[in-house]
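Next up: just one chain, as structure tokens, the form predicted alone.
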Amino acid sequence: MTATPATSDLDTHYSLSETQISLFREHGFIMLQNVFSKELLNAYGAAITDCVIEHNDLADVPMHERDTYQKAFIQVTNLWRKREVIRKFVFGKRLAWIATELLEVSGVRLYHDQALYKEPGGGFTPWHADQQYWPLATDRTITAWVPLQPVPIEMGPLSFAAGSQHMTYGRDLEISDASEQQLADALERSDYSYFDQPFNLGDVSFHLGWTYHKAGANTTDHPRRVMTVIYMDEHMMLKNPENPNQQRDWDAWCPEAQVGQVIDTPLNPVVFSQEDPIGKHSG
């Protein structure tokens, strides 16, 4: 049976060049063009949006009553557990294959997914590094940031400080107004180049867990709809949490994992592995 346009490129290989892999290694992020078709993103985007609306805990909270984090976006996590159609998207091999090649590992397993919808009038997302929240033993973690519509500058696309995955300052800072100022000053002193560009429909960015990034406010009349999938090395081990955020993430995303052991739990299946060519890991 011929695959429909909505699913035909979920599992096909996306060819990366050695130059792209090298740039990712150097900068800690990359934007790739034409990763998915308009038809696929429209089909899965509709299901993701419906799920976000259903599980939006901030629907009745006025913007002026929210803190900086809540103003930045509506966040709904592990959508793959809520709807089968979204599960198919999250466990698609194409994104996971790209993540594997960029991380230069043998394969990746799921940490978790999350939708990040920045409402019209939604505030900026402060500078931060994701891995401050993650009880993971190495830096072999990566986030695929998948816009479900074009994202002009006015809508708040993701922005990166190139090479900042090597900066150790600020790794203990949570997302907040204070972290925004402290990290902005530190990044400016370190003279990292700043990537801030619009995303076309089909563009997908990937960034390491320790790469500092932010997003501007959404000054348009339309929501900025983004789906993300967070992967880790298939051999990733759990470490002792170093802060309350990491303990909460352990409890939420890999509660059955044990410190010092591979995070091989029902919530963290292998999505793609070069060690498993017959594809027995189906997610």
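Please read these numbers as outputs of a predicted model, since none were measured by experiment. Throughout, we count residues from 1 along the sequence that is shown.
If you look for the form predicted in complex with a small molecule, you will not find it shown, but the lines that follow are about it.
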property	result
Stretch from 93-101, 113-121, 76-84, 162-170 whose residues place a heavy atom within 4.5 Å of the small molecule in the predicted complex	113-121
Residues 253, 265 and 270 all lining the small molecule in the predicted complex, heavy atom within 4.5 Å	no
Contact assignment for the small molecule in the predicted complex, among 56, 228, 246, 42, heavy atom within 4.5 Å	228
136, 158, 183, 204 - the one with a heavy atom within 4.5 Å of the small molecule in the predicted complex	158
Contact flag, residue 213 vs the small molecule in the predicted complex, heavy atom cut 4.5 Å	yes
Contact test in the predicted complex: residue 140 vs the small molecule, heavy atoms, 4.5 Å	no
Proximity of residue 89 to the small molecule in the predicted complex, heavy atoms at 4.5 Å	no
Close approach of residue 145 to the small molecule in the predicted complex, 4.5 Å, heavy atom	yes
